[in-house]
Structures are given as structure tokens and as C-alpha cells.
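Take a look at this single chain in C-alpha cells; it is the form predicted on its own.
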């Protein structure tokens, strides 16, 4: 690397280490921020010589990235932004910290995907899904699909691994020359009833979908989830044993296997590594405290709340909502979430916007109890399982109270 890049790398690693030592976080943002101030092309320099996979989408990025990094580890050391810092500062910090590795798997915020493709020249880009998120500042879903479509058109050599069940993702990837399709199901469909190409309605039947006014339709997937396993492009079925809950994570595992296969990793080699993943930056972590077994589930938008309800057991459940900058200030998305799965269980609410949540639960007719602190919630529920579902900063607050469990 050029001398400036070497200096920037060294300073980035030092800043990140000091941040961790001071208890100010894992340093995955500040290290990259300082490094890029010294050398604005540092990410490009650090990416040179590595075979890179990028993972992007509204939901499931962090988990899929962790699973893909585990699968790719069959071939050698893998650099990854495992704590979810998914903008160029986080990518820069992760690559600097990892040193010289032959491979990297990076989670990428949807908005930054075009820039990161330009700067890292990835071998593979995985597109998971697109749905509404952070309504006060994020792009409308079809606009995001157009952003991806334009970015991929400028990089025809990239191997795209894309979700065949999401019409927005299919449209974004359709112009790419090298596409591998996977199918993991699409429980949340409210952002893809209208075709982004023609504006006509999209029809669905028995897992298939098609536009009623143009040729856009669901492609035939090479990878798909079936029963408790994944079928690969050869038609072989592989049992997938995960320590992560929910059907959605079986889909994330299928995506990870498809990404790893683009590097030559066979499913039979990758599957044992997927089974070792237990928690990702606190997501799905289980902590015992005062006789309660606390499980943390992150839910940031309507689609991810739907999946969180699918994972949660029929047990006392704490819901926590904030509306800080990383969450988005607009909480109107709560009305897009059907809270009916919470019927019949004790429900507690907390967080800075607990009253917004209270009104929404009243509309759904779900009884709840407001608690002001996490400690009060623990004291309120009997010994046993406590499910915690929280949006981003509320999740981090509770994780910090549990000593930043990973």
C-alpha cells in the first residue's frame, strides 16, 4: 500500500483499540472514520488483493454476513464487520483490524451499496430483501431497488446472489449477467404488491409471483429451503442444524451457503461451521439473570417484527421502543405491525417511546404493563423465560445493561 494508506491503517487500528479499552464501544466506527480522514481511498487500498463478498438488504444482513463468513472460513482467514458497523467507516475498520486476509465478507447498508461496490470490487454481492425502514429518512423501497439496479449495471462482472421471492430484489438484479437465485420465502409482502417496472399489480399463488402487466416474474431458484434443510443447485438436500431460532435464519443459512459456493465451498464443508454460530452482536443471545432466562431479539421495522414474533416463545415478553437517530424519529411504522401474535401472554413495554407503543397495543386490543426500566421488568415477571424484542438503540441499551453480551 502507499505510505499514506499504511499510516492511516495503523492509526485506524490504534484508535479502535483505544475506544475498546476506554469502554466506548468496539471501535468499529471511530477507527474507520479516522483512517478515512487520513486517506480517503483507504477502503479501496485495504480491499485490494482480497476476494470479497458484500451482503445487503433491509433485514438479516448481520446474521447472513456472520453465517457467510463462517462458511467461507473453510478456505482461510476471513475479515468481516461482525458487530454490524455496515457503512464505509465500519468496513475500513474491519479490514484494517483483520490485517492481510485472503477473504472478506462485509455487511453493507442498503444506501451505501453502490459506493462500496465501487471501492471494494467484490466477487459476490448478496441481495436479501427490501422493505420499508426508517421512514423519516430512508428512500422509498422502489427507489432503493433502482439504486441497486443502477449500481449493478455498472459492474457486470460481479456475481449476484439474489432473493427470488422478493419482486423488488428480482427487479434490481434482473439486468445482471451473473445471477444465482435463492428462495427462502417472503413472509412480509406489503412493500411489493406493485411492479417496479410497469406499475401493475403483482399476483401471488403457492409461493409463485408474477406481474400482471409485464414479463417480470419469480425466477426459478437454484438454492431453496425445504423442510429443515436446503436444496443446492444439483438437487441435493442438506440438513441444516442451527443454534439460531426461527425459519428466517434457515433462509439466511441458505443465502450463506449460496455465497460460499461462489468461492468454491461445498455445502458439506460449510454446514458444520454454520452450526457453531450462536449469537451475533447480541442478537438471539440468552442471558441468565435473577432466575430469568432472557433472550434478546432485534426488530427494527415491520418485516423484522413479524419474524421476531415467529421466533419468540409463548412466554412473558418485553417490548422496548426508542426513536433516536439510528432508529429513525418516525414511529408511525408501528401501525404496520400486527401485534396479534402477542395475545395470551404477559406483555411489558418500556423505552423512550413506550407511550407510542402503548397506543398501538390499545388499538390491537392487547393488554400490557408499562415498566420504566429493564430492572423493573425483571422484577415484574416470574422466574423462567423472558423474551425481549427491541428496536436498535433500545436493544443496545438492554444489551449494555447485560454487560454488552455478544
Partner chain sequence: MSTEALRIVWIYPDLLSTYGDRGNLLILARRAALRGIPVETYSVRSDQPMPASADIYLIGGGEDGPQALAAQRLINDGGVHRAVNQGAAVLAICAGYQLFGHSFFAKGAKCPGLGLLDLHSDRGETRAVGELRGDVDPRLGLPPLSGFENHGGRTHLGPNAFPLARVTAGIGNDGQTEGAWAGKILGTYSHGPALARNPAIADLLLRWATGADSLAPVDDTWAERLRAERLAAAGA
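Positions refer to the first chain, counted from 1. Predicted model, so just to flag it, every value in this text is computed and none were measured.
The form predicted together with its partner chain is left out here; the points below concern that form.
Under a 4.5 angstroms non-hydrogen atom cutoff, its partner chain in the predicted complex lacks residue 33 among its neighbouring residues. Contact check for residue 100: every heavy atom lies farther than 4.5 Å from its partner chain in the predicted complex.
The closest heavy atom approach of residue 237 to its partner chain in the predicted complex falls outside 4.5 Å. Interface residue remark: residue 332 is counted as part of the site for its partner chain in the predicted complex, having a heavy atom within 4.5 Å. Annotated contact segment (heavy atom within 4.5 Å of its partner chain in the predicted complex): 365 to 373, selected among 33 to 41, 365 to 373, 52 to 60, 66 to 74. In summary, among the residues 197, 109, 232, 336, the only one with a non-hydrogen atom within 4.5 Å of its partner chain in the predicted complex is 336. Proximity to its partner chain in the predicted complex, taken as a non-hydrogen atom within 4.5 angstroms, holds for one residue of 47, 358, 347, 378, which is 358. Contacts to its partner chain in the predicted complex (heavy atom within 4.5 Å) from stretch 176 to 195: 190 only.
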